[in-house]
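A lone chain, given as structure tokens: the form predicted on its own.
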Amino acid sequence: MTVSDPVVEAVVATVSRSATEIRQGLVGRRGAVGEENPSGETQVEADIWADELLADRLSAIDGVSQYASEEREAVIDCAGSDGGGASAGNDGDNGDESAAPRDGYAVAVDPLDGSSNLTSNNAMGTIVGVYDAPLPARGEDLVAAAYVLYGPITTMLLATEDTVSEYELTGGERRLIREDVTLPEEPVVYGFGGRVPDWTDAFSEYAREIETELKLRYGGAMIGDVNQVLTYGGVFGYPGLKSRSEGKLRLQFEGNPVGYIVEQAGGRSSNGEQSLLTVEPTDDIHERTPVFVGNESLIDRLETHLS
């Protein structure tokens, strides 16, 4: 199954092809490099390597005007968007960061979501959002979003304006295993991030209710936890904290793409007050936001508690 828009299909195909290589390339790249990303988090060698690989390939696609990553400070304006770059899906050099923006799609990437799990060899993923607007952009400007989960099997969940589909990835190819993915109506699992003593009183009250109703599933990589919610139904959240009201997750790289996927699958997303997709971004590409996704009834209850 291919995506109807050729540029979006080229992005999806490139990520699919690169995912197997990224997974294999994690071996031997588990160590910290002694540097921090723009959000102040310690980088491991695999973070930088995966970002450089995806930047090279995605910025070379004709029709991609911008590339942004959680691992780099600035947005790259790409050379491939005006027809002068590499053909869609081929490898290529980074665009000129000083060039004027061109028309085309902007791609925002979290190359290795949950890379701290490398130390304990637990699940992690890659997140991609394709925006039809210059970055930073609203989630409503997304035309597609996907995440790759490096679990026992490497899978991709892809949401477009038409549907949500799940693929298995192997040998650089993707094989469709589920079409029209929807969130199960009966919720089963939940996972909440942040240290419990740092939760606000309002969120703690909500969490105490949920833990009497659902099963805890939390693994330290958002993609793994969200995939549990999309498989079984339930709610995932990383709230605003007493020490950091904006929470931990980035709006452009994590909140918007995951919110888009869950909403396209029939669920809801929220920052505690409104859909993540309707949040007006600041000029900071690394802006943080509380993130909540899951079954509509559970997100409705959350917003009532936090209001």
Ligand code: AHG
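Values in this document were obtained by computation on a predicted structure and should not be read as measured data. Numbering starts at 1 and runs along the sequence shown.
Below, we turn to the form predicted in complex with the ligand, even though it does not appear here.
Using a 4.5 angstroms heavy atom cutoff to the ligand in the predicted bound form, all of Tyr218, Phe236 and Leu249 count as contacting. The stretch that touches the ligand in the predicted bound form, counting heavy atoms within 4.5 Å, is 250 to 258, out of 23 to 31, 250 to 258, 52 to 60, 271 to 279. Taking non-hydrogen atoms only, Glu36 never approaches the ligand to within 4.5 angstroms in the predicted bound form. When the ligand is considered in the predicted bound form, Asp77 lies well away from it, no heavy atom lying within 4.5 Å.
Residue contact with the ligand in the predicted bound form: Ala108 places no heavy atom within 4.5 Å of it. For Val229, no non-hydrogen atom is located within 4.5 Å of the ligand in the predicted bound form, even though that partner is not displayed. For the options Leu157, Met222, Ala144, Leu183, the residue carrying a heavy atom within 4.5 angstroms of the ligand in the predicted bound form is Met222. With the partner removed from view, the residue among Pro187, Pro134, Gly151, Gly114 that has a non-hydrogen atom within 4.5 Å of the ligand in the predicted bound form turns out to be Gly114.
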